[in-house]
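Single chain ahead, by itself, as structure tokens, in the form predicted on its own.
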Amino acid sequence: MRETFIDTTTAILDEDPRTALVVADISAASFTTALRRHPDRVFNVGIREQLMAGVGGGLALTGMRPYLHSYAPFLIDRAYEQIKLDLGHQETGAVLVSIGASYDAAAEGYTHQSPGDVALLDTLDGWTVHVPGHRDEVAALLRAAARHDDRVYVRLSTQENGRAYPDAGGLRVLRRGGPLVVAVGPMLDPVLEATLGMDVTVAYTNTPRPLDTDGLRTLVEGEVVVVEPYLAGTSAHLVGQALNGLPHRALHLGVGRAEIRRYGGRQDHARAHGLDPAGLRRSISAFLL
């Protein structure tokens, strides 16, 4: 996904003179060609992510369409106040593109993990959040974001599904059965494996914000499980609002709040949080008993 972002953004910079790119050292070497071609629209501010957000807000005020990029904890967690003020308060837009996700860089420690990034953006108004599940979903999302001035967050990961669903902005049903299981982004393959042989409906989305509330109300018939690759329960308030007035039970699965201090790798963290197929099957089966 990261390579697709680099290639697509480089092409967008070539094609659209309104676009700009601001990085904070991360991936800067991969944009050497873009910097050479567009030195007035490609900026590396060094390891100063708050400044990156501020520069992006300033560019947006001039009518530019800035793309900002770093690891999720640096881009969202560290620069949260500048995102709130220099984008939200100023009523400007930008495209924030992260790598690292919740624990892709597990071996780097907690500094490089951001399970709470989407929850942080949920405290702010007007954000569209894309969580692609495959590299072939990334380019279309980035290109679509260049055509407007809204605030957009694209959360990239090294975890990928086996196939792409580029038209999965709303809830796309991939398996029909009983209670609904919603898989967000790269959680689709683990969910499909976990629910093999179970009488459930599986729906996929790579755009959890705005949540497809109409699709959710149509598909839920009493029970719903939401599986997200970030903090467990991040979408609980939206699911509750969408299903208000409808009898239902909901289970929200995702990354737990307890820090995993034995570094390991991404797969180790998935098992520890119960987000591997075996862990998901245990949780979903217990809920649906």
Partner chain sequence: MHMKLLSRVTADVKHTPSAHSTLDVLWVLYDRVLRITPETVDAPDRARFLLSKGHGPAAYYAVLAAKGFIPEEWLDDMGGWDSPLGHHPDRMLIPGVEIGTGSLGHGLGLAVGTALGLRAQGFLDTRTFVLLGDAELDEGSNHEAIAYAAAIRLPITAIVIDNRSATHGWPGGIPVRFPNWGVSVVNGRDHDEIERALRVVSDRPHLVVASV
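Just so you know, these numbers come straight off a predicted model, no measurement behind them. Numbering follows the first chain given and starts at 1.
Same protein, other form: the form predicted in complex with the partner chain, not shown, and the subject of what follows.
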Could you tell me if Gly233 has a non-hydrogen atom within 4.5 Å of the partner chain in the model of the complex? no
With heavy atoms only and a cut-off of 4.5 Å, decide whether Arg41 touches the partner chain in the model of the complex. yes
Can you tell me if Asn244 lies within 4.5 angstroms of the partner chain in the model of the complex, counting non-hydrogen atoms only? no
Whether Val227 contacts the partner chain in the model of the complex should be assessed with a 4.5 Å heavy atom distance threshold; does it? no
For the three residues Leu59, Met64 and Glu91, which mark the spot I'm curious about, does each lie within 4.5 Å of the partner chain in the model of the complex through at least one heavy atom? yes
Partner contact check in the model of the complex: of 152-160, 74-82, 105-113, 207-215, the stretch with a heavy atom within 4.5 Å of the partner chain is 74-82
Let me know the one among Leu238, Leu51, Ala250, Ile260 whose heavy atoms come within 4.5 Å of the partner chain in the model of the complex, would you? Leu51
